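Okay, so here's just one chain, in structure tokens, the form predicted alone.
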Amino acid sequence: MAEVVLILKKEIDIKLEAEAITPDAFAGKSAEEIGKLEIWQGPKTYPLAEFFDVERNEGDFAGETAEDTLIRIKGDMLRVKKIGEGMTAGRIEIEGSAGMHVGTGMKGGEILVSGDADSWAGMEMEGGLLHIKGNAGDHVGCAYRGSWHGMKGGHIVIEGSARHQLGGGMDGGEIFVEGNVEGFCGIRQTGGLIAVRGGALRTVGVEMSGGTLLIGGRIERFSPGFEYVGSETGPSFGDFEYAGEFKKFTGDFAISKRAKGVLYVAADANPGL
């Protein structure tokens, strides 16, 4: 896989919008051509080379295809939005934190964020893998403002915690969180899987009509629209296993009597349910 290295060369004041940073856009281009790709800062566009040094480990060109292209980004990207937006193949490795909208609408390939990710990571994602080794902000895998449907496919793995509205409007795909989440996790979920090893604040699964949601820790305020249907021991999903007994609910019947969402809740962390 051909590797292109981007090195941030100056401090960023107004945030950049850099949807051009994808293996799809880089494939078949020389370092000079990559440096000429346009990115936005406020109302103006600038060449990528205005903010990044573009280096190529071997030869002058990125891979012939997106699938053959690895983009390694060095520096704090918290003020750079839309990295990997809509990418279909290849790999991006961010050696630090990522700004808003990382992996938005991605259809394939992989993004690895070594640090934290700001809000809207994996928004309306359709395929591929987004792996965040730190914490994530609000709206991971969500639908965008004015849209009803969120993530449809692919996988998001968060080794830390995530904030509000994780998987809002989610239709498909899988989200795994090793830490905790805050409010409205799985709001309006219609399909797919959300599994949180830690706890949640409140409004878990509200307006949920399908899909599966698991909370492995304590839920501070349980939503009233769910009906208890039984218990299961040690549910597992692919490579992720959850030890102990889980209470199983369906809902959210506060919205529809035909709701088919499935909510697993750790029994020992929620003895009052």
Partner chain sequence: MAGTIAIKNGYVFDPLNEINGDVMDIFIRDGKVVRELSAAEMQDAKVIDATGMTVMAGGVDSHSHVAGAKVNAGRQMRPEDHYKTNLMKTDLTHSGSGYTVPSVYKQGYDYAAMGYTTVFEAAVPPLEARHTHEEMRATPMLDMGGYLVLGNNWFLMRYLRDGEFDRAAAYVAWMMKTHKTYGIKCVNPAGVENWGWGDNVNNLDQANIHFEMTPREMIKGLAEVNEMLGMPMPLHLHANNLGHPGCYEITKDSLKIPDGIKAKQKMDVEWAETKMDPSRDRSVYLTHLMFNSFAGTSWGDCESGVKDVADYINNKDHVVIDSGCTPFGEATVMTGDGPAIHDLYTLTGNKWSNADIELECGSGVLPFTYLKANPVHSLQWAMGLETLLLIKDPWKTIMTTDSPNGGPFTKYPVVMAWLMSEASRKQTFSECHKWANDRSELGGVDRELSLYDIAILTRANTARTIGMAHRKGSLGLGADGDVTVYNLNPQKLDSNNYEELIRAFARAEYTIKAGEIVAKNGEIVSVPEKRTYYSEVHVEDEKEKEMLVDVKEWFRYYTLGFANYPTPEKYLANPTPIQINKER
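Note that the structure is a prediction, hence the values are computed from the model and not measured. Residue numbers count along the first chain shown, from 1.
One more form of this protein should be noted, the form predicted in complex with its partner chain, which is absent from this view; the next part is about it.
Contact check for H155, F176 and F240: none of the three has a heavy atom within 4.5 Å of its partner chain in the model of the complex.
Between the options M123, I94, V196, V80, the residue in contact with its partner chain in the model of the complex by a heavy atom within 4.5 angstroms is M123.
Under a 4.5 angstroms non-hydrogen atom cutoff, its partner chain in the model of the complex lacks F222 among its neighbouring residues. Contact annotation: H139 falls outside 4.5 Å of its partner chain in the model of the complex, judged by heavy atom distances.
Contact annotation for W40: at least one heavy atom lies within 4.5 Å of its partner chain in the model of the complex.
In the model of the complex, its partner chain sits within 4.5 Å of a heavy atom of S147.
With its partner chain omitted here, the record of contacts in the model of the complex names 139-147 of 164-172, 139-147, 72-80, 110-118, defined by a heavy atom within 4.5 Å. Of all the residues from 175-195, the single one having a non-hydrogen atom no more than 4.5 Å from its partner chain in the model of the complex is R188.
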